[in-house]
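A lone chain, given as structure tokens: the form predicted on its own.
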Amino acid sequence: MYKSNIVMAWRKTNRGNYIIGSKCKECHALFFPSRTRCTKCESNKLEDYIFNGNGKIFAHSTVFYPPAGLEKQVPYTVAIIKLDEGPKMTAQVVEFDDLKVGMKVQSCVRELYSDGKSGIIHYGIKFRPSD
């Protein structure tokens, strides 16, 4: 019961639901993942940038033969998400009936994996359809 309450609390909050990249202070280019040098203008003046967590499906695939450690999760779907601000990232997509290229999605916090029945539960960013 206690674990369930913690999980539901995280699902209902935006705390920790951050996609952090970087923004060039010179040309304002955005990057994910973060960089130390801008590939557009070569500046090394970058700062952290928090993306809004919304985007669209650019491409997707369902995994049936996973890498070691993810065997219990199959099948699962991963997608290239084009964030509203421009950069693309790869993430798992959850809570969908029919996934399509161009579909709007939003980031959410979900379980990635756990270290056994009584081990640590690891959470991370995934995406789900949005309106």
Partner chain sequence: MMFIRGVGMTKFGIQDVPSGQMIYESALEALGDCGISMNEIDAIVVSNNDIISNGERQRHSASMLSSLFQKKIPIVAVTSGCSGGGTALWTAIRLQKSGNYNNILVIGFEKMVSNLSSKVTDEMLMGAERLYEQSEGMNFPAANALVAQQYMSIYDATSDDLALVAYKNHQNGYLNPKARFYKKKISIDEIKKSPVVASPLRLFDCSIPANGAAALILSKEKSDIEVIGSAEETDYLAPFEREDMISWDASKKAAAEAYKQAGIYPDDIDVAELHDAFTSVELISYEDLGFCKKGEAKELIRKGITNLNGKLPVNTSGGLKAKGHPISATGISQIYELVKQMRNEAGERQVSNIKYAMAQNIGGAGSNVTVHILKKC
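Here the structure is a predicted model, which is why all the values come from computation and not from measurement. Numbering follows the first chain given and starts at 1.
One more form of this protein exists, namely the form predicted in complex with the partner chain; it is left out here, but the text below deals with it.
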**Prompt:** Would K88 show up as a contact with the partner chain in the predicted bound form if we use heavy atoms at 4.5 Å?
**Reply:** yes
**Message:** At 4.5 Å between heavy atoms, is L83 in contact with the partner chain in the predicted bound form?
**Reply:** no
**Asked** Taking the shortest heavy atom distance, is V105 within 4.5 Å of the partner chain in the predicted bound form?
**Response** no
**Request:** Verify the contact flag for V78: yes if a non-hydrogen atom of it lies within 4.5 Å of a non-hydrogen atom of the partner chain in the predicted bound form, no if not.
**Result:** yes
**Contacts with the partner chain in the predicted bound form - residues in 59-87 whose heavy atoms fall within 4.5 Å** = A59, H60, S61, T62, V63, F64, Y65, P66, P67, A68, L70, Y76, V78, A79, I80
